[in-house]
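This document opens with one chain alone, in structure tokens, the form predicted on its own.
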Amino acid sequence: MKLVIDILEERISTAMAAVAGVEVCAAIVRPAADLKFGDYQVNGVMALAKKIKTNPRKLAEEVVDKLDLGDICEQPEVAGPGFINLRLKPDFLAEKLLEINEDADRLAVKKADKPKTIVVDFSSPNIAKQMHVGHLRSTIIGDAICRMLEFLGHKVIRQNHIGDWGTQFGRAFLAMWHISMGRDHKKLYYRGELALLRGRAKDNAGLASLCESLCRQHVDDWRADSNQQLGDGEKVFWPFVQRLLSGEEHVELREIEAAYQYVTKLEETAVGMGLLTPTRERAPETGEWREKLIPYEQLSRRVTAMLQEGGEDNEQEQAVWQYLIKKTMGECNEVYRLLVVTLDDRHVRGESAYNKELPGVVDELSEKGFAKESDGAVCVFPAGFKNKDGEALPFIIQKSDGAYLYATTDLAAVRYRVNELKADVILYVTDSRQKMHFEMLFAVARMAGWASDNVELTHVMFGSILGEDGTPLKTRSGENVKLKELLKEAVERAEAVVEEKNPELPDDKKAEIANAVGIGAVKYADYSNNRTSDYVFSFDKMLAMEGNTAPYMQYAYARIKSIERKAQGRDVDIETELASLKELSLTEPAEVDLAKHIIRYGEAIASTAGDYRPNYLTSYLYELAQKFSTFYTSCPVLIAEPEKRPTRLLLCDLTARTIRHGLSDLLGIGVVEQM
């Protein structure tokens, strides 16, 4: 079904062009802000009048005289300085409702005339870390965008650009090494030592002594873990890894993350202390392993370099890297299932996938004259980006030590997505703090010719989730809130609500409702906020049964479904009455008002997908539920007169189907038939 707003736009624009004697006009049809003036308002006449130098109200009257909208609207009305107000006819509404009823799968929402290939980059967790609340918005907003674009007929390619390369791997590897040593000593010392490192942050002397002691312990363990050759890890570490790979031993991701935090804190604290730690290298003259001392804070970078070099000597690094990716994504997939998002292992393409392409990215930019050396680093200076002193800002693509950065990987990803995936549109769903990075990334990609002007590059940015104190949401200890724990608490709170309201329900039904309500409440609360704004996280507000919340919407759906159950007790065969329905009788104001809103579902989806803002859809659904409530209060359904009941049953059915489709299919929020 073609959108009503598009039909009106087309016809009115044609009439305006004919009256003004010009080729192209824009009617600029918008939903009326105040329904007492009509359903739609035409705003383009005044701009046209200014262009052709005529009186706007007179021009509006001439356009109305030229219009042929008798099959859609009542007689158009000219208002104010040149607005045209339009009110839909009940007969037209009835015709559209029947069209929707005949299209069970799509609710008469038309697919895009020109489908595009759209790459959506979202979620992007990091290796060896649990997903935390900071991943929520990217994951669910990205998922909603994908669902809507696919529904509109576009080819959507999901890209989960995980952080699985760079210095963070070296730290994750060392975390695994510390876990193996801790288990061998039967003391997970890194947990207590992490607390000590944090506690002595202002005690310089005590901190130096602690770091020296920890470094000495590390050195002793490394040297002792040798069997055939220096530092081969054959006594403790490698057997530990093999037991993990075989499933004989197990380690939780939260334990890996705790050890990772210890490694990070110790390295950061040791900077400038002159502490040395041994690693190994092959003597060029003999090929034998020999000890090499490096600054302790450089150890993780050394491990990362060993992974990136590849080869037979780095079997342990390769094995641990693959294990950590599998372990991390296994936990992420569990969170994705809880959130009901459409991401899985097929969509993972991490930073490591572009590693071999990075030298070519730098070389090509240098050859084209865009990349220059600055203080030892290789940088691109895209036009229009300056610091507060007016100096050009660098987009660094290679550090002075030869290391590549996120910027380099992101450029390689743009090139891959355009050349290999044939993307017409690339969307990056990340927080607003990365605004400058993506603006510069897009500028450099276009400079290099890797993304033409025909390719849309868009940063779909979002604000932060705040605690009730107005600061980013954290635990009491200052840690990021783990997403899995947050979702678990949401379900537990929903269980308490279900138990209070319907204690007589079977346990399995209570669990089903609690899961749908708890997870749905978290997601809907996020969606219903403008994505570019920060919002305060509140379980009490999001689980409320009143207001624009998931529980309210889920209850609205369940309330309509209860009508079907009641109909069975009154010998009303809804299916039979609706199957033979060929004409509708829309006479009551509440019927007409609800019908008008139902037929605008396609408009809501179009505006939501066009601006990548899920709150447009939640606003539509909430208003739909409110209009249904008004209708249900003023228009009896099951006890209505025989000539009115089929129309009202259809309004109930289409409302339920629309709510279900919007919540479940487009937003990934479960609905239940009883609450």
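Since the structure is predicted, the reported quantities are computational estimates derived from the model, not experimental observations. All residue numbers are counted from 1 along the displayed sequence.
The form predicted together with the RNA is left out here; the points below concern that form.
- Contact check for K36, S533 and M675: all three have a heavy atom within 4.5 Å of the RNA in the predicted bound form.
- For the options T587, S374, S209, S452, the one in contact with the RNA in the predicted bound form, meaning a heavy atom within 4.5 Å, is S374.
- Of the residues given (R223, R565, K292, R216), R565 alone sits with a heavy atom within 4.5 Å of the RNA in the predicted bound form.
- With a 4.5 Å cutoff on heavy atoms, Y406 counts as touching the RNA in the predicted bound form.
- Contact annotation for A26: at least one heavy atom lies within 4.5 Å of the RNA in the predicted bound form.
- In the predicted bound form, at least one heavy atom of P394 sits within 4.5 Å of the RNA.
- The RNA is not shown here, and in the predicted bound form it never comes within 4.5 Å of any heavy atom of H250.
- Of the candidate stretches 497 to 505, 239 to 247, 176 to 184, 108 to 116, only 497 to 505 contains residues with a heavy atom within 4.5 Å of the RNA in the predicted bound form.
- Applying a 4.5 Å heavy atom cutoff to the RNA in the predicted bound form picks out Y622, Q626, S629, T630, Y632, T633, C635, P636, V637, L638, I639 from 620 to 652, in order along the sequence.
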